[in-house]
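The chain below stands alone and is given as structure tokens, in the form predicted on its own.
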Amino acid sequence: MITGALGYVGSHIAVLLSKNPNFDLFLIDNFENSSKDTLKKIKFLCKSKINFFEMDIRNSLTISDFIKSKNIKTIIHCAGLKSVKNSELHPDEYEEVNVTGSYTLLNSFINSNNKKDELNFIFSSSACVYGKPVYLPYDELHPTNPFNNYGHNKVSIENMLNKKVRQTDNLKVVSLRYFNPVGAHDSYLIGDRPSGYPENLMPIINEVAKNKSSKLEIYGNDYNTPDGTAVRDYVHILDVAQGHLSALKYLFNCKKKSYEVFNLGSGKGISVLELIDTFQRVNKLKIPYFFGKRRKGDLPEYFADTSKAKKILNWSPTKNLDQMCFSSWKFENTL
């Protein structure tokens, strides 16, 4: 079962896993951050019947009945609110949807199954759990000290999952800490489609490229980085989806209860100007921009150490920045 299956990450996981005939796949979403148009595209890409159900993870009775009736033994949990800005404006709502919703989902999962069944759970976490770097690159042992409510939500859920594993003999959990997923599916039919005005850099670049915005504002050009702009770790969405398949294989082969955390990133730092220059070059476009002031809370740079995922999951990113920029723009032109 994939929660939040019509979202950016969930939809790409769904299409990838649909290729495996051994998976009986159930997609659930409540359309909070998604659309029925995405569901149509997933059905088309999967070329098979998709088991989709409109459902909210906070409804324990509905979720429990569903898990029992469909004999769900593995959950990939992508559902949740994801705007960092809105998490500051509406902290109670984010706590209720993200943290309480995850708690309800996990308890329903455990209580709806036999204690002898092996239960597998993959959680969509985030690099924002780390906060200000004590050292770089971030590895999974780096302290977690987020400075926004969205990051605190993710840490709370991770801690809850870790505790549940210690209390439950038949539960195996992986938390995947994404860095900055960008790009789109090779068909260009599904990609990053934020509701409302986008907050992340790549969708904002697309807005400027489509003349929906006149110029791109770059927040600060006086950081202690090679070109003065902030440095981030970007990873292709298809590599992120593949990371979930690798995590599934790891859990299926693990014969005892466990809790593990893995970074999913490129392991490389890319500046704002580097990303813009690459986007312009591969798509033969001009992106007008100007420099504004730094935003409060923005870090000068961060990027991942992905050696643990490579060693244990046998996962490494395969797509480069050119492919991220090209596929992102191609998807944008299908909308």
Ligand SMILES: NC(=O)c1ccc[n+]([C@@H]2O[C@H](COP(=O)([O-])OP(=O)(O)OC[C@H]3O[C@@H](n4cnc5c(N)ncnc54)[C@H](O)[C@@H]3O)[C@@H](O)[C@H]2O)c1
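Sequential numbering from 1, following the sequence displayed. As the structure is a prediction and not an experimental result, all values here were calculated from the model.
The form predicted together with the ligand is left out here; the points below concern that form.
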Review point. Within 4.5 Å of the ligand in the model of the complex, heavy atoms considered, which of 152, 82, 232, 236?
Key: 82
Practice item. Identify, from the list 206, 263, 125, 108, the residue with a heavy atom within 4.5 Å of the ligand in the model of the complex. Key: 125
Review point. Quick one: does residue 181 come within 4.5 Å of the ligand in the model of the complex, counting heavy atoms only?
Key: yes
Exercise for review: Spell out, yes or no, whether the shortest heavy atom distance between residue 9 and the ligand in the model of the complex is within 4.5 Å.
Suggested key: yes
Check your understanding: Would residue 241 count as touching the ligand in the model of the complex under a 4.5 Å heavy atom rule?
Key -> no
Review point. Heavy atom to heavy atom, is residue 97 within 4.5 Å of the ligand in the model of the complex?
Key: yes
Practice item. Could you tell me if all three of 4, 30 and 200 have a heavy atom no more than 4.5 Å from the ligand in the model of the complex? Key: yes
Check your understanding: Heavy atoms within 4.5 Å of the ligand in the model of the complex: which stretch among 113-121, 248-256, 133-141, 171-179?
Key -> 171-179
Study note, to complete from the structure: Residues in 37-73 that come within 4.5 Å of the ligand in the model of the complex by at least one heavy atom, in order, are 55, 56, 57, 58
